[in-house]
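In structure tokens, the next block holds one chain alone, the form predicted alone.
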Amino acid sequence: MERIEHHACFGGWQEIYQHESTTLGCTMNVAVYLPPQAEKGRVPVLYWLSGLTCTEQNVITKSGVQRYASEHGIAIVAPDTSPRGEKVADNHLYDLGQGAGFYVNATQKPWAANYQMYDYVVQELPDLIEAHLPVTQERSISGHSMGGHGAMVIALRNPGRYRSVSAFSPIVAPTQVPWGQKAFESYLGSDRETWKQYGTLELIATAEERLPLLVDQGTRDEFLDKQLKPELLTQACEAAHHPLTLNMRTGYDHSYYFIASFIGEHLAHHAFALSQ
């Protein structure tokens, strides 16, 4: 891991690392915030997964998460949203290809060669972070939009690996909405049964661990009715008796203005779980 940015921030350090990913077959950037507590010992980690078109930069420059990470003594790790590079498959559409990895392991050409974001987030990235930085193996996970989808799917599929999970404006039903259907058709193929392994609603029904879900959703989100459909998450959790806190935030949209308004509450949620 090569450090390419290093900035003092809220008593800690906001850094960007670059590394060669064997899982993705390309060079990847990852943002890491180390709170001041990391100078005296190892700290737990919150993994943040960003949404469509984003990079590792969005959450660290727009959310103000570092302030709360310093208060609670939590490292923040934010990877890019897809593999990158001239040799990596891409598409001219914003919701497919680079910047739109959807946190799945692609099985279809040309995507399968690089688009293994699920394995990267679950295995390779934590292994690197825990080997090179002053962090513990206590992990939580969160994300926004496509990243909210990724965070919930990864937590649900890996019982015991994460202490807590939360999401802002998540794509809760990717198998049923245009964003998810386009990505899954391209990355996973036409067999919709294979899509279910990356569907939050389907995973809740059979979850081995009932890790409470914390979700914040703005009522003026321009994607609310067509792409996000939080009511389906409520129905799935009620049917499976899965704990869910869904906060519908009046007047808020899909932007980082929304995330910045409530990121402190999410950090407190994760800090409590990580301290138990």
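The numbering used is simple: start at 1 and walk along the sequence shown. Everything numeric in this text was worked out from a predicted model, so none of it was measured.
Although not depicted, the form predicted in complex with another copy of the chain is the subject of the following passage.
Note to self: Given the stretches 208 to 216, 225 to 233, 22 to 30, 55 to 63, which is the single one in contact with another copy of the chain in the model of the complex, using a heavy atom cutoff of 4.5 Å?
What the structure shows: That would be 55 to 63.
Notebook entry, point to check: Honest question, do Tyr17, Lys182 and Gly189 all end up within 4.5 Å of another copy of the chain in the model of the complex by heavy atom distance?
Noted result: No, because Tyr17, Lys182 and Gly189 lack any heavy atom that approaches another copy of the chain to within 4.5 Å in the model of the complex.
Item checked: another copy of the chain contact in the model of the complex: Arg42, any heavy atom under 4.5 Å -> No - in the model of the complex, heavy atoms of Arg42 and another copy of the chain never come within 4.5 Å of each other.
Margin query: Please determine whether Ala260 contacts another copy of the chain in the model of the complex, using a 4.5 Å cut-off between heavy atoms.
Written below: It does: once another copy of the chain is placed as it appears in the model of the complex, Ala260 has a heavy atom within 4.5 Å of it.
Notebook entry, point to check: Is there a non-hydrogen atom of Ala8 within 4.5 angstroms of a non-hydrogen atom of another copy of the chain in the model of the complex?
Noted result: The answer is yes: Ala8 has a heavy atom within 4.5 Å of another copy of the chain.
Margin query: Even though the partner isn't displayed, in the model of the complex is Pro243 close enough to another copy of the chain, meaning a heavy atom within 4.5 Å?
Written below: No.
Note to self: Within 4.5 Å of another copy of the chain in the model of the complex, counting any non-hydrogen atom, which residues from 221 to 252 show up?
What the structure shows: Contacts from 221 to 252: Gly251, Tyr252.
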